[in-house]
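One chain comes next, on its own, written out as structure tokens in the form predicted alone.
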Amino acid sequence: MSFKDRNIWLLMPALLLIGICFLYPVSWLLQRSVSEPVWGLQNYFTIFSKTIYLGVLWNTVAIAGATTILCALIGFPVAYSMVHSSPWVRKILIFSVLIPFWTSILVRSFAWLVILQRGGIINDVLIGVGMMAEPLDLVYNRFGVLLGMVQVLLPFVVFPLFSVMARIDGSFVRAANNLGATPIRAFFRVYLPLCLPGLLTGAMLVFIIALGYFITPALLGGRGDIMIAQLIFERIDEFGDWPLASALAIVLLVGTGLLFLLINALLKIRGGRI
């Protein structure tokens, strides 16, 4: 047996696992989405022709996009501080990001529910110091969903950025300054472009994960903030509508795949790789 043949056999367990756990379920969903109630694309036409489904798709993209932007805006200075701080401050910052990351998403979402509710600690403090006469609606709306999702997904931006920033040679920025660039110009023309592979990778991870998010929007969102994962669960759990739920899942999968290909192409153009 040649070396190449042995490598193929070593790959067999992984290929078998992918076939059983991914390809078979996806092919099963695809088959149900186009075969019931009759063969055709009627389930996909339903999704893209009814306002309620288009609204959910828009909610999903809007919430995932806003979460990605907020994670990038917050994660960039956090990662920058990790790289350019003293070793003990860096350890504190890393543990501050990691400790919530090790906690269950369900627990964190329930914690936000307790904190943000009308009788929660934030409203109690605001009313107690006289800043508000009535409690604010901080949960069961878009604000609560974004706050919870950003807190959960922030590490997925911070650590790719930290990995890239730690490898950037500081002499590039110093050379730009010596050649007459202001600190702001050196940052945007030299430092930020070097960070783009980590920023794009982190943003892609957050956006793709956020597209299929279920627990946090289900606990902290209202009826106007339903995302596609919640709609799939609702169609199966309440109506047993597997064909439409399967079509929704395929739409989500195809959209995620296209996004991955787009960002991978952008990274290749810049000479980076995911």
Partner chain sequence: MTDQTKLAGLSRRKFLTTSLYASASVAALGIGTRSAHAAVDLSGREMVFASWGGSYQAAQETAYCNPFMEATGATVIQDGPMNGSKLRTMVEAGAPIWDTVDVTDTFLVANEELFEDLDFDIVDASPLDQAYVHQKGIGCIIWSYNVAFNTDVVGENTPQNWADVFDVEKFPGKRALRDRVYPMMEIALMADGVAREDLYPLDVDRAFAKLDTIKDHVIWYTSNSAAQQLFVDGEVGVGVLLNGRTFDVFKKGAPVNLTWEQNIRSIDYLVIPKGAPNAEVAQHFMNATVDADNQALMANTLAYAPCNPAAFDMIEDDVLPWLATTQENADKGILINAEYWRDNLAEMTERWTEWKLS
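Residue numbers count along the first chain shown, from 1. Since this is a predicted model, take the numbers as computed values, not measurements.
From this point on, the text means the form predicted together with the partner chain, which you will not see here.
Checking 202-210, 37-45, 237-245, 62-70 against the partner chain in the predicted complex, the stretch whose residues place heavy atoms within 4.5 Å of it is 237-245. Using a 4.5 angstroms threshold between heavy atoms, residue 156 stays clear of the partner chain in the predicted complex. Heavy atoms of residue 56 reach within 4.5 Å of the partner chain in the predicted complex, making it an interface residue. Residue 117 belongs to the set of residues with a heavy atom inside 4.5 Å of the partner chain in the predicted complex.
Although the partner is absent here, residue 112 sits far enough away that none of its heavy atoms falls within 4.5 Å of the partner chain in the predicted complex.
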